[in-house]
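Only one chain is shown below, in structure tokens, and it's the form predicted on its own.
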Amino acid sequence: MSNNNYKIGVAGAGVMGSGIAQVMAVSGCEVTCRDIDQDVLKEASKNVDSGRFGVKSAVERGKLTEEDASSALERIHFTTDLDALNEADLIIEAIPERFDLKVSFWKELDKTAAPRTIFASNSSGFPISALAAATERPDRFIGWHWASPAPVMKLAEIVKGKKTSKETVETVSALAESAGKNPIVVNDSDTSWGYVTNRIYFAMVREASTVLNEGIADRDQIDQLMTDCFRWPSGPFGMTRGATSGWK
């Protein structure tokens, strides 16, 4: 799939949303990143440009040419206008992880977005079929779970709802692959929060917390042991800090 002229909407300009917008713009898509807070949008623009994982850093590390970085920045548009998302081919939602907020957002957007538009939630674990039920397009509703920092991590946990169409799965998987991610399609679950990655991750965090509370080792020791043994980029407590702080 060619990403030229493919229009992506990103709802939410926080750590995840701005990173997602950057990745999709670098891949060649036109991106509109929307947030309700102008200050958040200013910080997002700064992070995409010159943040730790922004395009200037990618140029310094030899991952992007200056020309490609400049072109990517020109393809991202930041706005507070919800209607600016209406003509997107795909809208990726990265708003706070609250079920009521996500349902309200999708219910409202479903009324104005183009009929062809695919909806993708970056939820960390809410059932995709339950979110899709807030819309009239469950066949074009899918989960696309990213990992932080989005410009670096290869994760593309593609979550297929009960009514998600094959075409939607194929389109989003192709976009993820063209953006340098490794799409893995998994089935939705009504009974457990977290899909695959977070179900296993939280099991790890629970056990690490038990070890900590029993006084066997402190947080830094646990993190170091796990990185030394399993070659993880970070231990369980470091992962939690990074996911919430943006890996500053």
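Numbers follow the displayed sequence, beginning with 1. Note that the structure is predicted; figures quoted are calculated from it, not measured.
The form predicted together with a small molecule is left out here; the points below concern that form.
Although the partner is absent here, W146 lies within 4.5 Å of the small molecule in the predicted bound form, judged by heavy atoms.
In the predicted bound form, the small molecule sits beyond 4.5 Å of every heavy atom of G235.
Taking non-hydrogen atoms only, S123 approaches the small molecule to within 4.5 angstroms in the predicted bound form.
The shortest heavy atom separation between I36 and the small molecule in the predicted bound form is within 4.5 Å.
Just one listed stretch, out of 174-182, 123-131, 159-167, 67-75, contacts the small molecule in the predicted bound form at the 4.5 Å heavy atom level, and that stretch is 123-131.
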